[in-house]
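Only one chain is given next, in C-alpha coordinates, and it is the form predicted alone.
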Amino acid sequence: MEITTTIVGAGVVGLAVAAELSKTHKGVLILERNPAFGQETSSRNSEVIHAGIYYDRDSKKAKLCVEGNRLLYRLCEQRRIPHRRCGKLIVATEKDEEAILATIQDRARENGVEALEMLSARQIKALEPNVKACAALFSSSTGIIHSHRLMRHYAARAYENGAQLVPHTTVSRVEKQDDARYRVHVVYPDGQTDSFASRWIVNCAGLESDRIAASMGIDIDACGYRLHYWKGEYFSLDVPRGFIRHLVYPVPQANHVGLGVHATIDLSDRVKLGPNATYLPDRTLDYTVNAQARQSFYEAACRYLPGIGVDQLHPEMTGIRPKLQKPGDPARDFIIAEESSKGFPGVINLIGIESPGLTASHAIARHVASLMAERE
(Lines give C-alpha, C1' and ligand atoms only; values in the text may rest on other atoms or scores of the structure.)
Protein backbone atom coordinates (compact mmCIF):
# COMPACT_ATOMS: atom_id res chain seq x y z
CA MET A 1 0.00 0.00 0.00
CA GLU A 2 1.30 3.42 -0.92
CA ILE A 3 0.96 5.55 2.21
CA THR A 4 -0.53 8.97 1.58
CA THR A 5 -1.97 9.81 5.01
CA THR A 6 -0.53 8.83 8.38
CA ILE A 7 -2.66 9.15 11.50
CA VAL A 8 -0.65 8.97 14.71
CA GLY A 9 -2.76 7.54 17.51
CA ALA A 10 -5.71 5.14 17.53
CA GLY A 11 -7.83 6.60 20.28
CA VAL A 12 -11.44 7.53 19.60
CA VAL A 13 -10.44 10.70 17.74
CA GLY A 14 -7.75 9.04 15.64
CA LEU A 15 -10.15 6.26 14.66
CA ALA A 16 -12.92 8.73 13.83
CA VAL A 17 -10.48 10.68 11.64
CA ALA A 18 -9.40 7.45 9.93
CA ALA A 19 -13.01 6.48 9.24
CA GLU A 20 -13.75 9.90 7.76
CA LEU A 21 -10.58 10.40 5.69
CA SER A 22 -10.57 6.87 4.28
CA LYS A 23 -13.89 7.60 2.55
CA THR A 24 -12.06 9.79 0.03
CA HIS A 25 -8.34 9.06 0.55
CA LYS A 26 -6.47 5.89 -0.33
CA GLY A 27 -3.39 4.82 1.58
CA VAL A 28 -4.50 5.76 5.12
CA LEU A 29 -2.26 4.29 7.84
CA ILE A 30 -2.99 4.45 11.58
CA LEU A 31 -0.06 4.02 13.97
CA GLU A 32 -0.65 3.05 17.61
CA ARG A 33 1.97 2.44 20.30
CA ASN A 34 -0.29 0.12 22.33
CA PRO A 35 -1.29 -3.47 21.43
CA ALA A 36 -4.77 -2.34 20.35
CA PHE A 37 -6.79 0.80 19.80
CA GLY A 38 -8.30 2.98 22.52
CA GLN A 39 -6.26 1.86 25.51
CA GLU A 40 -5.45 5.24 27.04
CA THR A 41 -7.67 8.31 27.56
CA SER A 42 -10.40 7.00 25.25
CA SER A 43 -11.18 4.02 27.49
CA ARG A 44 -10.56 5.65 30.87
CA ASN A 45 -13.35 8.19 31.20
CA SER A 46 -16.99 8.61 32.21
CA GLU A 47 -18.35 7.59 28.76
CA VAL A 48 -20.62 10.62 28.73
CA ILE A 49 -22.19 12.18 25.65
CA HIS A 50 -21.85 15.84 26.58
CA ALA A 51 -24.24 18.57 25.48
CA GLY A 52 -21.74 21.47 25.16
CA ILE A 53 -22.79 23.34 28.27
CA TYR A 54 -19.65 24.68 29.92
CA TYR A 55 -17.32 25.80 27.15
CA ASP A 56 -16.48 29.33 26.04
CA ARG A 57 -18.67 30.76 23.31
CA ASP A 58 -17.23 30.27 19.79
CA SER A 59 -14.57 27.88 21.11
CA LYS A 60 -13.81 24.68 19.23
CA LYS A 61 -14.88 22.74 22.30
CA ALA A 62 -18.32 24.37 22.25
CA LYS A 63 -18.91 24.16 18.50
CA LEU A 64 -17.58 20.64 18.01
CA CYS A 65 -19.30 19.30 21.14
CA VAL A 66 -22.73 20.66 20.15
CA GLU A 67 -22.31 19.36 16.60
CA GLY A 68 -20.79 16.11 17.84
CA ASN A 69 -23.66 15.50 20.26
CA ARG A 70 -26.17 15.49 17.41
CA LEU A 71 -23.95 13.48 15.09
CA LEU A 72 -23.18 10.90 17.77
CA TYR A 73 -26.80 10.23 18.70
CA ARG A 74 -27.67 9.86 15.00
CA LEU A 75 -24.73 7.49 14.49
CA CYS A 76 -25.67 5.41 17.54
CA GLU A 77 -29.24 5.04 16.34
CA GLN A 78 -28.24 4.15 12.79
CA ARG A 79 -25.49 1.71 13.75
CA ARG A 80 -27.05 0.36 16.96
CA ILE A 81 -24.17 1.47 19.14
CA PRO A 82 -25.26 1.02 22.77
CA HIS A 83 -26.15 4.35 24.36
CA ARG A 84 -28.79 6.02 26.51
CA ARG A 85 -30.06 9.58 26.48
CA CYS A 86 -30.41 9.57 30.27
CA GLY A 87 -30.01 13.31 30.96
CA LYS A 88 -27.91 15.15 33.51
CA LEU A 89 -28.56 17.23 36.62
CA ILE A 90 -26.08 19.97 37.54
CA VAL A 91 -26.98 20.53 41.17
CA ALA A 92 -26.67 23.45 43.53
CA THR A 93 -26.39 22.22 47.10
CA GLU A 94 -26.21 25.73 48.58
CA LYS A 95 -28.19 28.88 47.76
CA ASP A 96 -25.14 30.84 46.58
CA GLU A 97 -24.55 28.22 43.86
CA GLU A 98 -27.89 28.96 42.20
CA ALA A 99 -26.47 32.05 40.51
CA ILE A 100 -23.71 29.86 39.04
CA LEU A 101 -26.37 27.62 37.51
CA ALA A 102 -27.98 30.64 35.84
CA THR A 103 -24.61 31.65 34.39
CA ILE A 104 -24.05 28.12 33.10
CA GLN A 105 -27.50 28.14 31.50
CA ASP A 106 -26.80 31.43 29.73
CA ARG A 107 -23.47 30.14 28.39
CA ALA A 108 -25.02 26.88 27.23
CA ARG A 109 -27.73 28.72 25.30
CA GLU A 110 -25.08 30.91 23.66
CA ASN A 111 -23.41 27.68 22.54
CA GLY A 112 -26.64 26.45 20.95
CA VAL A 113 -27.71 24.04 23.70
CA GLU A 114 -31.48 24.39 23.90
CA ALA A 115 -32.62 21.36 25.89
CA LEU A 116 -32.07 22.90 29.35
CA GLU A 117 -34.46 23.39 32.21
CA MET A 118 -34.02 24.92 35.67
CA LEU A 119 -35.50 22.70 38.39
CA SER A 120 -36.65 23.40 41.93
CA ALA A 121 -35.84 21.23 44.93
CA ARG A 122 -39.26 19.59 44.63
CA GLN A 123 -38.76 18.78 40.96
CA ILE A 124 -35.32 17.34 41.71
CA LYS A 125 -36.77 15.10 44.40
CA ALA A 126 -39.41 13.82 41.98
CA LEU A 127 -36.73 12.93 39.41
CA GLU A 128 -34.09 11.67 41.83
CA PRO A 129 -35.35 10.84 45.34
CA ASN A 130 -31.81 10.12 46.60
CA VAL A 131 -30.41 13.48 45.45
CA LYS A 132 -30.45 16.51 47.75
CA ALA A 133 -30.19 19.93 46.10
CA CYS A 134 -31.89 23.30 46.31
CA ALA A 135 -31.86 23.81 42.52
CA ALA A 136 -30.54 22.09 39.43
CA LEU A 137 -30.03 22.60 35.73
CA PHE A 138 -31.38 19.63 33.78
CA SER A 139 -29.81 18.75 30.43
CA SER A 140 -31.95 16.23 28.57
CA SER A 141 -29.47 15.91 25.68
CA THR A 142 -26.66 14.54 27.87
CA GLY A 143 -26.26 10.77 27.77
CA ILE A 144 -23.94 7.79 28.05
CA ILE A 145 -22.34 5.53 25.46
CA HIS A 146 -20.40 2.29 25.16
CA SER A 147 -17.10 3.89 24.16
CA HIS A 148 -15.42 0.67 23.01
CA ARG A 149 -18.32 -0.15 20.69
CA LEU A 150 -18.06 3.36 19.25
CA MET A 151 -14.33 2.92 18.63
CA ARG A 152 -14.97 -0.50 17.14
CA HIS A 153 -17.44 1.09 14.74
CA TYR A 154 -14.95 3.75 13.63
CA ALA A 155 -12.23 1.10 13.20
CA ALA A 156 -14.53 -1.15 11.15
CA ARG A 157 -15.48 1.71 8.82
CA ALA A 158 -11.82 2.62 8.36
CA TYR A 159 -10.88 -1.01 7.59
CA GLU A 160 -13.74 -1.31 5.10
CA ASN A 161 -12.39 1.74 3.31
CA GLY A 162 -8.92 0.23 3.04
CA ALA A 163 -7.18 1.92 5.99
CA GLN A 164 -4.67 -0.13 7.97
CA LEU A 165 -3.90 -0.07 11.70
CA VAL A 166 -0.38 -0.93 12.85
CA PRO A 167 -0.21 -1.45 16.65
CA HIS A 168 2.92 -1.79 18.81
CA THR A 169 4.46 1.07 16.82
CA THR A 170 5.89 4.21 18.42
CA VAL A 171 6.59 7.28 16.30
CA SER A 172 10.01 8.60 17.30
CA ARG A 173 10.07 11.62 15.00
CA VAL A 174 8.61 13.16 11.86
CA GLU A 175 11.06 14.67 9.39
CA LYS A 176 10.17 17.12 6.62
CA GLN A 177 11.51 16.13 3.21
CA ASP A 178 12.19 18.21 0.09
CA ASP A 179 9.42 16.57 -1.99
CA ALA A 180 6.38 17.91 -0.06
CA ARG A 181 6.26 14.73 1.99
CA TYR A 182 7.27 13.73 5.53
CA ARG A 183 9.43 10.84 6.67
CA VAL A 184 7.90 9.08 9.65
CA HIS A 185 10.42 7.26 11.85
CA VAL A 186 9.04 4.45 14.01
CA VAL A 187 10.32 2.08 16.69
CA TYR A 188 8.95 -1.41 17.34
CA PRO A 189 8.86 -3.18 20.75
CA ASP A 190 11.97 -5.24 19.94
CA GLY A 191 13.97 -2.06 19.31
CA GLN A 192 13.95 -2.36 15.53
CA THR A 193 13.42 0.88 13.62
CA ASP A 194 11.87 1.74 10.29
CA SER A 195 10.75 4.78 8.31
CA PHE A 196 8.44 5.65 5.43
CA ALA A 197 7.19 8.71 3.56
CA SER A 198 3.71 10.22 3.81
CA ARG A 199 2.06 13.25 2.19
CA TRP A 200 -0.23 13.99 5.15
CA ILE A 201 0.42 13.68 8.88
CA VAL A 202 -2.54 13.87 11.27
CA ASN A 203 -1.28 13.98 14.84
CA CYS A 204 -3.94 12.41 17.09
CA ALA A 205 -1.42 11.08 19.60
CA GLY A 206 -3.31 12.22 22.71
CA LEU A 207 -0.94 12.16 25.67
CA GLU A 208 2.07 12.29 23.34
CA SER A 209 0.72 14.75 20.76
CA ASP A 210 2.96 17.60 21.90
CA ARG A 211 6.02 15.33 21.67
CA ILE A 212 5.08 14.38 18.11
CA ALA A 213 4.70 18.06 17.20
CA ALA A 214 8.07 18.87 18.80
CA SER A 215 9.74 16.05 16.85
CA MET A 216 8.86 17.87 13.62
CA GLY A 217 10.70 20.97 14.77
CA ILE A 218 7.73 22.94 16.11
CA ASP A 219 8.53 25.02 19.20
CA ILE A 220 5.74 23.72 21.43
CA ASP A 221 6.34 26.31 24.15
CA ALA A 222 6.23 29.25 21.77
CA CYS A 223 3.06 27.85 20.17
CA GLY A 224 1.38 26.95 23.46
CA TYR A 225 1.34 23.25 22.55
CA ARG A 226 2.97 21.82 25.68
CA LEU A 227 0.71 19.37 27.49
CA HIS A 228 0.20 18.87 31.21
CA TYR A 229 -1.02 15.58 32.62
CA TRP A 230 -3.92 15.49 35.08
CA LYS A 231 -4.84 12.25 36.80
CA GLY A 232 -8.52 11.50 37.36
CA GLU A 233 -9.49 8.70 39.75
CA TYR A 234 -12.86 6.97 40.01
CA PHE A 235 -14.57 5.05 42.79
CA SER A 236 -17.51 2.72 42.25
CA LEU A 237 -20.51 3.25 44.50
CA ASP A 238 -22.11 0.11 45.91
CA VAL A 239 -25.81 0.98 45.73
CA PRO A 240 -28.94 -0.82 44.49
CA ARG A 241 -29.75 -0.66 40.80
CA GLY A 242 -31.80 2.45 40.06
CA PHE A 243 -30.32 4.41 42.98
CA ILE A 244 -29.92 7.24 40.47
CA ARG A 245 -31.35 7.32 36.94
CA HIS A 246 -29.59 10.43 35.65
CA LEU A 247 -26.04 11.74 35.77
CA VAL A 248 -25.53 14.08 38.73
CA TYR A 249 -22.86 16.80 38.61
CA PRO A 250 -21.93 19.52 41.10
CA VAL A 251 -21.28 23.05 39.83
CA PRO A 252 -17.92 22.95 37.98
CA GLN A 253 -14.53 23.87 39.36
CA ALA A 254 -12.86 27.15 38.46
CA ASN A 255 -11.07 27.23 35.08
CA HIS A 256 -12.61 23.85 34.16
CA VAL A 257 -9.72 21.86 35.60
CA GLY A 258 -12.48 19.31 36.12
CA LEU A 259 -16.22 19.12 36.52
CA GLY A 260 -15.99 18.02 40.14
CA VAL A 261 -16.64 14.58 41.61
CA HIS A 262 -19.84 13.64 39.83
CA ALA A 263 -22.03 10.55 39.88
CA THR A 264 -22.46 8.71 36.60
CA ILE A 265 -24.20 5.54 35.55
CA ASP A 266 -23.11 3.13 32.87
CA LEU A 267 -25.31 1.10 30.54
CA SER A 268 -25.65 -1.63 33.18
CA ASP A 269 -26.70 0.99 35.78
CA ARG A 270 -23.52 0.74 37.85
CA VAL A 271 -22.71 4.02 39.59
CA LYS A 272 -19.25 5.61 39.55
CA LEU A 273 -18.00 8.68 41.38
CA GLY A 274 -15.29 10.85 39.87
CA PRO A 275 -13.04 11.92 38.52
CA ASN A 276 -10.96 14.13 40.74
CA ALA A 277 -8.11 16.16 39.21
CA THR A 278 -4.53 15.66 40.38
CA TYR A 279 -1.70 17.40 38.53
CA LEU A 280 1.17 15.13 37.45
CA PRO A 281 4.15 17.47 36.93
CA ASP A 282 6.50 14.68 35.86
CA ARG A 283 3.97 13.27 33.33
CA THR A 284 4.14 9.80 34.86
CA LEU A 285 1.55 7.35 33.49
CA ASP A 286 0.28 6.43 36.94
CA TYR A 287 -2.96 4.47 36.63
CA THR A 288 -3.20 3.40 40.27
CA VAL A 289 -6.16 4.52 42.36
CA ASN A 290 -5.20 6.00 45.70
CA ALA A 291 -7.46 4.17 48.14
CA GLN A 292 -6.78 6.92 50.68
CA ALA A 293 -8.78 9.30 48.48
CA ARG A 294 -11.99 7.51 49.41
CA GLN A 295 -12.78 9.92 52.22
CA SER A 296 -12.46 13.00 49.99
CA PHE A 297 -14.65 11.37 47.33
CA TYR A 298 -17.24 10.55 49.97
CA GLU A 299 -17.24 14.09 51.34
CA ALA A 300 -17.70 15.52 47.84
CA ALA A 301 -20.47 13.12 46.85
CA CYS A 302 -22.47 13.14 50.08
CA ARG A 303 -23.18 16.85 49.56
CA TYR A 304 -25.74 15.79 46.93
CA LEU A 305 -26.10 12.07 47.84
CA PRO A 306 -26.54 12.31 51.61
CA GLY A 307 -27.74 8.72 52.02
CA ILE A 308 -24.47 7.05 51.08
CA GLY A 309 -21.82 5.72 53.46
CA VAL A 310 -18.06 5.85 53.04
CA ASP A 311 -17.86 2.04 53.12
CA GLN A 312 -19.90 1.92 49.89
CA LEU A 313 -17.04 3.44 47.87
CA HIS A 314 -14.51 1.13 46.20
CA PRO A 315 -11.48 1.98 43.99
CA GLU A 316 -12.49 1.63 40.33
CA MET A 317 -10.07 3.06 37.72
CA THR A 318 -7.91 6.00 36.73
CA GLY A 319 -7.57 8.06 33.56
CA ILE A 320 -5.05 10.70 32.56
CA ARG A 321 -6.12 13.84 30.72
CA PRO A 322 -3.80 15.66 28.27
CA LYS A 323 -4.59 19.25 29.22
CA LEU A 324 -3.05 22.44 27.88
CA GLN A 325 -3.24 24.08 31.30
CA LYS A 326 -1.23 23.62 34.44
CA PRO A 327 -2.44 24.60 37.93
CA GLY A 328 -3.59 28.21 38.04
CA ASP A 329 -3.94 28.59 34.28
CA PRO A 330 -7.22 29.58 32.60
CA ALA A 331 -9.13 26.97 30.60
CA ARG A 332 -7.74 26.23 27.14
CA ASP A 333 -9.46 25.27 23.93
CA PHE A 334 -8.72 22.32 21.63
CA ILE A 335 -5.84 22.87 19.22
CA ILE A 336 -6.73 21.58 15.76
CA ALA A 337 -4.32 23.26 13.36
CA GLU A 338 -3.14 22.74 9.79
CA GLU A 339 0.47 23.86 10.07
CA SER A 340 1.25 25.53 6.72
CA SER A 341 1.74 28.86 8.51
CA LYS A 342 4.54 27.26 10.55
CA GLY A 343 6.21 25.82 7.46
CA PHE A 344 4.67 22.34 7.69
CA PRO A 345 2.02 22.07 4.95
CA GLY A 346 0.14 18.80 5.17
CA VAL A 347 0.55 18.45 8.94
CA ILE A 348 -2.56 18.68 11.10
CA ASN A 349 -1.91 18.76 14.85
CA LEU A 350 -4.64 17.87 17.33
CA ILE A 351 -3.37 18.75 20.80
CA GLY A 352 -5.15 19.04 24.15
CA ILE A 353 -8.03 16.84 22.99
CA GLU A 354 -9.53 16.03 26.36
CA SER A 355 -13.22 16.12 27.28
CA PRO A 356 -15.46 16.54 25.29
CA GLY A 357 -13.27 14.75 22.75
CA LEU A 358 -15.29 11.53 22.75
CA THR A 359 -18.55 13.40 22.16
CA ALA A 360 -16.95 15.61 19.52
CA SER A 361 -15.07 12.78 17.76
CA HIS A 362 -17.27 12.62 14.66
CA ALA A 363 -17.38 16.41 14.36
CA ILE A 364 -13.59 16.66 14.86
CA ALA A 365 -13.09 14.12 12.07
CA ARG A 366 -15.22 16.20 9.70
CA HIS A 367 -13.29 19.32 10.67
CA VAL A 368 -9.96 17.61 9.93
CA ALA A 369 -11.30 16.46 6.55
CA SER A 370 -12.30 20.05 5.73
CA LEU A 371 -8.82 21.34 6.65
CA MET A 372 -7.29 18.77 4.31
CA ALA A 373 -9.71 19.65 1.52
CA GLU A 374 -8.67 23.28 1.73
CA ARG A 375 -5.04 22.29 1.05
CA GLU A 376 -5.66 19.79 -1.76
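Residues carry their position along the shown sequence, with the first being 1. Here the structure is a predicted model, which is why all the values come from computation and not from measurement.
The protein also exists as the form predicted together with a small molecule; that form is not presented, and the subsequent description refers to it.
Engineer: Taking 4.5 angstroms as the heavy atom distance cut-off, pick the stretch from 320-328, 337-345, 56-64, 303-311 that is near the small molecule in the predicted bound form.
Structural biologist: Heavy atoms within 4.5 Å of the small molecule in the predicted bound form occur in 320-328.
Engineer: Applying a 4.5 Å heavy atom distance criterion, does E20 contact the small molecule in the predicted bound form?
Structural biologist: So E20 does not count as contacting the small molecule.
Engineer: Contact between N111 and the small molecule in the predicted bound form at 4.5 Å, heavy atoms?
Structural biologist: No, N111 sits far enough from the small molecule in the predicted bound form that none of its heavy atoms falls within 4.5 Å.
Engineer: Spell out, yes or no, whether the shortest heavy atom distance between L31 and the small molecule in the predicted bound form is within 4.5 Å.
Structural biologist: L31: yes, in contact with the small molecule in the predicted bound form.
Engineer: Is there a heavy atom of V91 no more than 4.5 Å from a heavy atom of the small molecule in the predicted bound form?
Structural biologist: The answer is no: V91 has no heavy atom within 4.5 Å of the small molecule.
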